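Given as structure tokens, the chain that follows is alone and in the form predicted on its own.
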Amino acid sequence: MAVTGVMRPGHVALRVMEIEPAVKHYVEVVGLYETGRDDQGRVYLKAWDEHDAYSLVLIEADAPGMDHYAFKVLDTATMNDYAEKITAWGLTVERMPAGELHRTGERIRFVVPTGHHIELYAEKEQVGNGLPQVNPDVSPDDLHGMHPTRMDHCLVWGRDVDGSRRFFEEVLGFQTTEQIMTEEGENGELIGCFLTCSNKPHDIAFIKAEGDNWFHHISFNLESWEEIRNAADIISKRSLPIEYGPGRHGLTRGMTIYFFDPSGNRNEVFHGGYIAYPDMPILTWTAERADKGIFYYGQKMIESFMTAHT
């Protein structure tokens, strides 16, 4: 549990085809709050219970997908120490200057073996969660949409899942909580892994694919099964398609709904899961029971879930 190094997910930068329909989706449907725009046209949003200025950046582009996934580290000295370790591991580190992203200090950027751009940063302005820090209530008065408490995790696809797993474990100090193998035992090959830098079931997950730098989904945390049901009501009121759910995963034990933003980026709202302590064993799913692991209710693989990506 790397509470002194990488503390938690910080933000995801997503490419979208048109900025205003995307903003409307993430504000009105998902329930985020817009906190700023910059001179490049990027829009910054946060969930209500996040103190940092943003956890989602929307970037208008010719194609959807993930620009980068950033994690917050303890302090600047920790970030610089990671820069040395990442370079020693064999990856190229690019330094992004303070202020290049809204209200954010210097970041380091690198590409992991699955082709995804990952960033680390230590400083981001805090704007609060709408509640006082003395005698606070349990929630603010202006909640809207699905009102998630935080951006929770991302799942991405690529070819060298084993390489990305080793990097996150060996360099960044993440812990593997669950894995998908072609078969049980020493002859099995890794086709998926779920990693945490906290005590959550996962903060990032990798699934083996035929290409690199593929994005599967961004997930937002809801506080209860009832709020999962409320999210389904919101989606249905707007006649938006649901890919799966309300349902549950065997993997992570989380309750879930999957749907899409207007550009085709997959969203998830997620609740629950176990506490991942540092001494817990790795849980293994075999490929033949991946349907149960992913879709615990129904236990039938959904074709789009295994083929659609941005």
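For clarity, every value in this text was computed on a predicted model and none was experimentally measured. Residues carry their position along the shown sequence, with the first being 1.
What comes next is about the form predicted together with a further copy of the same chain, which does not appear here.
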Among the candidates 46, 68, 266, 248, the residue which, in the model of the complex, approaches a further copy of the same chain to within 4.5 Å (heavy atoms): 248
Among the candidates 76, 176, 139, 182, the residue which, in the model of the complex, approaches a further copy of the same chain to within 4.5 Å (heavy atoms): 139
Non-hydrogen atom contact residue 131 with a further copy of the same chain in the model of the complex at 4.5 angstroms: yes
Heavy atom of residue 261 within 4.5 Å of a further copy of the same chain in the model of the complex: no
Residue contact check: residue 307 to a further copy of the same chain in the model of the complex, 4.5 Å heavy atom: no
4.5 Å heavy atom contact, residue 62 to a further copy of the same chain in the model of the complex: no
126, 225 and 285 all contacting a further copy of the same chain in the model of the complex, non-hydrogen atom within 4.5 Å: yes
Stretch in contact in the model of the complex with a further copy of the same chain, which is absent here, among 54-62, 38-46, 270-278, 23-31 (heavy atoms within 4.5 Å): 270-278
In the model of the complex: members of 149-164 within 4.5 Å of a further copy of the same chain, any heavy atom: 150
